[in-house]
Each structure stands twice: as structure tokens, then as C-alpha cells.
Ligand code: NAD
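Listed next as C-alpha cells is one chain, alone, in the form predicted on its own.
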Amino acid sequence: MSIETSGSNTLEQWQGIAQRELSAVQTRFFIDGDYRDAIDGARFESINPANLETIAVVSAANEKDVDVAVAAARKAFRSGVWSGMAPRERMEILYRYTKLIDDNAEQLAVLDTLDMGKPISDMLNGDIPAVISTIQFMAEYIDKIEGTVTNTASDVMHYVLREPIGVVGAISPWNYPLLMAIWKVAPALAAGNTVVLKPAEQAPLSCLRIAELFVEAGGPPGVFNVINGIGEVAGKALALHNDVDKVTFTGSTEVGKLMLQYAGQSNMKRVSLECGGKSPQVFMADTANLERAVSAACDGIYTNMGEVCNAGSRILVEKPLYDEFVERFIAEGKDAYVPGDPLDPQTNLGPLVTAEAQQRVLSFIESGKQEGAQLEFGGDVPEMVGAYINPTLFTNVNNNMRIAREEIFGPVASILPFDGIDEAIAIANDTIYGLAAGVWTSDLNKAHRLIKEIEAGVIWVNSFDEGDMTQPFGGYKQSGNARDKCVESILSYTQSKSAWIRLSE
């Protein structure tokens, strides 16, 4: 059933769909075009964070399983069955792939909702359409990947080819299970590579299905493989594998650093990282549309339960605007996001991904209280089963507090006052991260100065978390080195080859 049709379902209908899909869900690996069990039979539980019940028991990969998956990907790559396919043929397969994803939107949406607690409406209105547009964009660029012919002496011809890297090991996060996987898989496939995907163990189910749909669309077996497992075992083995030519990872900065070490310890494979963030939103006193600005601040931290790498968690407000901004934020933010059953189309705040994540966020809230920040609302859990936390706001925060320095990954906002643009820039850059930032001002000179001097890979002006597929997404500093979504992304899955030809006299 398509996105458009699925959008009219009620809570009761989604509950029925969930039961249907769980009764038939695949839990084994998808390797070389078929499902198979772990060699040693290892398995792990996938937990629904909305009720803390086990929804599936999934095969868990170890080094031997990773070897099998990588061997299948290497065989497919060397055969040229995908990399050697005419560009327009690969494009047509990916176009059919997007059609199948739309046809199966209901199934894919409900699996992510059950696995990590994302509200079903967010899946239908945000994630699934973005998955489709990502694949379409990458497919459209396949026959636009060009080499160059340089200007040389008359008796020499020199040209540079763009070729696929080979086998790509992709390790995707749980906060956008389908979308973040596709941000890696789609450009890698479009460039002609083969892929072994290891989804996060907290949300493993939907990625198995999209690999199967790729084959249904006409993708050759072995080109897109999926293994599930624990990061410390399966993810590590994939990153250390000597027959993987590139590893692309989205997740914590701590694990991102390990990816770099694993590459050095193995075959010096290429590494693309999109890691943590502590994004500032800077609101100058001359912000023109304060109503829209406050709404963007609320959405920037509470959307997706705050489990967003570029969440606008540090809200920097110039002192002349501070009191009014805080008053408006409290009035709007306190009740804008209400915890509820993520299968209910009316819910806009689901649970955190695990009970452990809930306790971690609560520990940050406690540290904010202990360090002297003012708790304006939230800071507690609702009276319901599951890993829920109420939207939380701290004011009078300074940048030395843990809640201002560390990535919380939950619905916890901090408002920090500043005095003038110089202090705003200093606070914004006083972090190990540099993923994104928001700038709000009606002064073009201030806007350009903030854009130039804030150390972040993505900067929005008078908006936040907007964009399309032409926009590179990635960070500075310890937020990583990848650029996702854009043309730069697909080219990062290629390598150049120089051909210098001495012509006959």
C-alpha cells in the first residue's frame, strides 16, 4: 500500500498492520539474494520501546558471517554484473526500486515505528518520502558521472576516469533506520559499488526488507547484502575486513574514532563518518518573525524525540530578546509535543529508542539541575509504559554545563543568553562538534558574518533543518567528514584513475 493510501489509517488499523507484519517479518541475514541464518545460530532480541516487549529475535552476525557477506559482495563486484551494467539500465532498476518502496510504504513505516518508536505519521510524511527522493536523485545522476580529458602536448592524450571503489561496508544508525541506511546505500549503488549493510542492532528489521526489494526490482543478487548484529562484533568485523574497500558510518563520535582505527589496522580503507552534534541556533535581537523562530526552535529539538544528530539543542538568544523568547518558548513548547502511542497517527512524540537511552537522558537532566540550570518544564517521565521522557527545557544555561557540552540525544533544550555577535560566535564554536547551526537575524551583514565564522558544515538562516537533495549534509571537527545526500556524496563512492597515453608518431 502506498504512502498516500496508508496516511488514512487509524490507530486500530495500524495496530492490526503491526500484528500482521510481525507475524511475517524476516529476521535472518539477506546475503547473495536470499535469506540465511547466522552460521553459529546466534540471535538477539529487538525490543519495542513503546511497551518494552520483544517484537522479534534476529540473527546476530560474527566474523564468519561478515566474511560470507563480504565474499558475496566481492564476487558480484568482480563479475561486473552491476558495475559493468549500462548506466541507463542501473537507473531503471533504481527507479523500479523506488516504486516498490512506495508500494510497501505501510510495511516499512510500521517496522521502523515498532523498532525504535518513531511516530507513524513521521514515517509516512517524512522518512519514506525522503527515502524515495534519495534513491531517485542518486539514480538520476548515474549517467552524469563524468571523467575529464586534460589539455596536454599534441603527442599525448590524458584522461581521468571515475570508477566505483568496490565493496562498501555501511553501518547505519537507529534514529532514522531506513533513511540513514539509504543515504549510504543509494549513492554507493548508483556509483556501481556493491554493499554490505550493518544496521543498528536497536532497529534492524526494515533494512532486511529494502534489500529484498532491491532484488525484486531487478538488482542482481550479491550487490546489496544485509547482516544484523551487535556493533562491537559485526560492525567491528566489517570495518576491519581486508576485502572491504570503504566503510561509511553514522553514529557516535566515540565509535567513529574506532572506525578510523580499524581502517588503519586493516587495509587503509576509505572512511566516511557522520558523527555527533551539539548544534547551536543563534537568535539575534533583530530576529524579524519571532513566532516562526520560536516554533523552529521547538521543532529543532523535540522532533524525532530529540534523537537527531543535528538537533538544535543549544538555543543561543541575545539578551535584549531573551525574556520574551523564553516566555514564548515555554508557552509553545510545553504542550506542542505530547508523548503517545507511536502507532497513533495523532502522536508526535514517541518513546526513546531503549530503556537505557531513557535513563541516560534522565541522568543529563539531573546533571542540569545539579549544575544550576533552571528547569522550566519537563524533566520527568509520563505515566505510561515505555521509554518515554517528557519534553524538557532548561534556561539560564552556560556553555560549561554538561547539558550544553555533551550530546544528549533526547528532547532536552537548553537556552543560553549571550551579549553581542562576538560572544554568540564564541559560544557557538566552543564545542568539539560542528555538524550544523541555525542563524536568525534580519541583518544581512550579521547573517553573512555568522555563516562565515560559525564552525559547522550546514548553516540555516532564518530556518532550521530544511533543505533538499542538492544540499550537502555533514560536519566539521568531531562531527565527521562525510557529505551525504548531494552530488558530492555519490562521487565519494568513486575513485579516479589517470590514463596517460603516448600517441604513435
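One rule holds for the numbers: they count along the sequence shown, beginning at 1. Given the structure is predicted, the values throughout are model-derived calculations rather than measurements.
What follows is about the form predicted together with this ligand, which we do not show.
Please identify the residue among 283, 249, 329, 394 with any heavy atom within 4.5 Å of this ligand in the model of the complex.
Only one option qualifies, and that one is 249.
Considering non-hydrogen atoms and a 4.5 Å limit, which listed residue (424, 244, 309, 131) is close to this ligand in the model of the complex?
By the 4.5 Å criterion, the partner-contacting residue is 309.
Choose one stretch from 122 to 130, 96 to 104, 376 to 384, 402 to 410: the one whose residues place a heavy atom within 4.5 angstroms of this ligand in the model of the complex.
Only one stretch qualifies here: 402 to 410.
So in the model of the complex, does any heavy atom of residue 464 sit within 4.5 Å of this ligand?
No - in the model of the complex, heavy atoms of residue 464 and this ligand never come within 4.5 Å of each other.
Under a 4.5 Å heavy atom criterion, is residue 431 part of the interface with this ligand in the model of the complex?
No, no contact at 4.5 Å.
Would you classify residue 473 as touching this ligand in the model of the complex, given a 4.5 Å non-hydrogen atom cut-off?
Yes - in the model of the complex, heavy atoms of residue 473 and this ligand come within 4.5 Å of each other.
Might residue 232 be said to contact this ligand in the model of the complex, defining contact as any heavy atom within 4.5 Å?
Within the cut-off, so yes.
For a quick check, can you give me the residues of 165 to 182 that have a heavy atom within 4.5 Å of this ligand in the model of the complex?
Counting only heavy atoms within 4.5 Å of this ligand in the model of the complex, the contacting residues of 165 to 182 are 171, 172, 173, 174, 175, 180.
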